[in-house]
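The form predicted on its own is given below as one chain in structure tokens.
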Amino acid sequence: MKLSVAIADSRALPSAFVVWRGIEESIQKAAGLGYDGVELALKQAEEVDPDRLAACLQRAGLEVSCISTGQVYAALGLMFTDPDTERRRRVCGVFEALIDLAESFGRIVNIGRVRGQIGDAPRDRAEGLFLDMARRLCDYAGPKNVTLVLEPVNRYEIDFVNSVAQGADLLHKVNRPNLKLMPDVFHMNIEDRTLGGELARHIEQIGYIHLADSNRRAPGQGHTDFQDIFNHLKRSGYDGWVSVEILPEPDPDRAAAEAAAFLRPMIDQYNANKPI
């Protein structure tokens, strides 16, 4: 298991949900706190210079864990379920460019709220649009060895795919081996019956996990039982990334430090095959 933290470019909009801004500076800070990688929150692939990114990662000894796409929805207003042909063409192009970038950095691209709303449309219609776009992008990503990960998001933020079980059901319908689940334990705390148990039940479909406490702050600052989560993951044989996507409170540096101080010992024990 490896530990990552969400970061964005310094020019990202205020709505970008990350801990730090400024990619190169953030990478250095993450390395200093004991993170293994960074999750890049991007709205377009052009926001990063691949050569500079590669050099910075090499100096820090870090990896890119995932490219997350919340800003494709929040900043660009694009989504898979949009019935407008031109806007669907645009979101496909944005994702193809991010997949191209992920081929060299992380090989994982997330699908969060960009999967879209149902709204007033018939549910079957919205789901059909999602299935078409997801299959198209999975087929594009497959030869590049890139996995797409679908993140269930709670009902107060979106009306489509709220629970891990709903996400798993949609994966079966897409029927592509390089589409996996990306559970976020903050959203699970709202939507799912259990945390550790539900992760274990769907472990074969999980490709990446977001960690935040019950109050969306750093793990250890709320009431989420992370020991139970890690115990279930350990018994299930999970060996992928866990990434910190939290409120940058009371400030970004302290939030990142609190998360690392709480999680790093647990992950080191996890990887050493010791009880958590």
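Numbers follow the displayed sequence, beginning with 1. Predicted model only: the values in this text are computed from it and were never measured.
Beyond what is shown, the protein has a form predicted together with L-Erythrulose; the following relates to that form.
Candidate site formed by W20, R217 and D253: none of these residues places a non-hydrogen atom within 4.5 angstroms of L-Erythrulose in the predicted bound form. The partner is absent here, but in the predicted bound form a heavy atom of V153, alone among L101, V153, L170, V109, sits within 4.5 Å of L-Erythrulose.
Listed residues D184, E127, E191, D82 were compared with L-Erythrulose in the predicted bound form; D184 is the one with a heavy atom within 4.5 Å.
The closest non-hydrogen atom of R113 lies within 4.5 Å of L-Erythrulose in the predicted bound form.
Not displayed here, L-Erythrulose is approached by E157 to within 4.5 Å at the level of heavy atoms in the predicted bound form. Stretch 208-216 is the contacting one of 208-216, 231-239, 57-65, 42-50, since its residues have non-hydrogen atoms within 4.5 Å of L-Erythrulose in the predicted bound form.
In the predicted bound form, no residue of 22-45 lies within 4.5 Å of L-Erythrulose by any heavy atom.
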